[in-house]
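Next comes just one chain, in structure tokens: the form predicted on its own.
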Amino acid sequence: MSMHMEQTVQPPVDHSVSYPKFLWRALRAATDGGPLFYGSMTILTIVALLGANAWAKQVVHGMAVTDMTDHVSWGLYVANFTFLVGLAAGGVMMVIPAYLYRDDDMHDVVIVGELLAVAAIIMAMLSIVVDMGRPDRLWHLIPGIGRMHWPISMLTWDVIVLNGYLLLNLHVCGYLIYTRWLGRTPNPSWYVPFVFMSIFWAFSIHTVTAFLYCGLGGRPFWNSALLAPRFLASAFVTGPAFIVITLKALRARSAFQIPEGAIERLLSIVRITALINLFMAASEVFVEFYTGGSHTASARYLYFGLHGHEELVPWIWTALGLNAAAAVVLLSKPLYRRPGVLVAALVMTFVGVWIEKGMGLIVPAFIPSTLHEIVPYVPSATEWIVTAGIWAFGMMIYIVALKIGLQAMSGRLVRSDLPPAVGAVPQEAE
């Protein structure tokens, strides 16, 4: 009934006029803030520009400025990509309770997870672009101009699912924010089907990425049927962990209402998935070392070193220590009830999974090489600077998107010609 009244009472919208006004108001909202906002954006801008400068030098001088070689051809960039795909998929942990189980607390803040998915996918794509020696040759993937090799190539499947997930989240977030600015209740038929499609798509982006690795028969370290489930489990650790930290920061620094139930629900997800992630890691370690064989060389190099080469040993044991310590905190009520300890545990599990799914997953598969040579790899300064620049750029997108989205959802970003009663828009129709 309310939807019928909304459609019959309000006059039609001239979008050719409304769009420019909306974009102008959104730009003003995105650039308006206090000293903390301007200070953080200045720092992020500097880091992003340093990363862009380092990448420009890499394009000019070639991939020789990195420490990747013919033997270890995937390094920090692809490790970062793998983690960020999981971070994007983890955003669906807010969508499922909000729309499948009609969780009102989660429904109020679901936009936070959807915007995180947008920022994380953009960062993941940038990680692949900088990993390419000649990014200008991307046109070879454009159907009709080049050859995409779909459906034969798993790489083209990855391109499709990543771009599809980005477009789905952009549509849902953009539509909800724009209709709130118009002072109207969003029409469920215009976004709910895309929300449910994004749930399926979130699982697909990390599954396809896992298949891209475990389908390479020449890399025994990746040839595990458990790789895709491990990817999903770790994604559902990092996504909710990052969102909880974001919600706590918003509660402390903004007037946006953050329901306690939403935070508790996300923490419950992190507790369960953190244990599942540790269990799966232990299962793979058991199989690698108990069964033995020549294929365990990569695992031995990762965990204990091989023939005097121990470059990754500190990385993986740090990751395991961080994940185990975070799990202990999250399972101990006296500990996680302390805000500072809880945030520290969430940061530990976030960093631990980043190491485990990044350097601890990508690099060992190339050592020893197919020629049984051990060529160690340590990221160069250029790789670190470029990666930091990508993260800084992604965080700038996330912060700006949150400023626009939360102001629209709370009724503070509305058309100036609306009466006060219209500005107080109801929650999205379910």
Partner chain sequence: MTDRKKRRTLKILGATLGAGAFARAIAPLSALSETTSMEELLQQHYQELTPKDLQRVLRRLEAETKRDYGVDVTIEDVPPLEGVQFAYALNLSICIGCRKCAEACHEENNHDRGTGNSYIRVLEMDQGSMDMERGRTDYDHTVPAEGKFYMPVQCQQCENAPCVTVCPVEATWQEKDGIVVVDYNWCIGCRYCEAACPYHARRFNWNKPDVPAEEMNPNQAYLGNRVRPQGVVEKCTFCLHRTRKGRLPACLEACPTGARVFGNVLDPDSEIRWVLENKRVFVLKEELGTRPRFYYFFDE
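Just so you know, these numbers come straight off a predicted model, no measurement behind them. Numbering follows the first chain given and starts at 1.
Below: the form predicted in complex with its partner chain, not depicted.
Q: Can you tell me which of 249 to 257, 142 to 150, 115 to 123, 265 to 273 lies within 4.5 Å of its partner chain in the predicted bound form, counting heavy atoms only?
A: Result of the contact check: 142 to 150.
Q: So which of M197, V351, M154, V343 gets a non-hydrogen atom within 4.5 Å of its partner chain in the predicted bound form?
A: Checked against the cut-off, the match is M154.
Q: Heavy atom within 4.5 Å of its partner chain in the predicted bound form: which of L331, M132, V287, A324 fits that? Just give me the one.
A: Flagged contact: M132.
Q: State yes or no: in the predicted bound form, is some non-hydrogen atom of L100 no more than 4.5 angstroms from a non-hydrogen atom of its partner chain?
A: Heavy-atom contact with its partner chain at 4.5 Å: absent for L100.
Q: Considering only heavy atoms, tell me if A64 and its partner chain come within 4.5 Å of each other in the predicted bound form.
A: Yes, A64 is a contact residue.
Q: Report yes if any heavy atom of R219 sits within 4.5 Å of a heavy atom of its partner chain in the predicted bound form; otherwise report no.
A: It does: once its partner chain is placed as it appears in the predicted bound form, R219 has a heavy atom within 4.5 Å of it.
Q: Is the gap between A297 and its partner chain in the predicted bound form 4.5 Å or less for some heavy atom pair?
A: Contact check for A297: yes, within 4.5 Å of its partner chain in the predicted bound form.
Q: Select from 370 to 389 the residues with a non-hydrogen atom within 4.5 Å of its partner chain in the predicted bound form and write them out in sequence order.
A: Those in contact are T370, L371, H372, E373.
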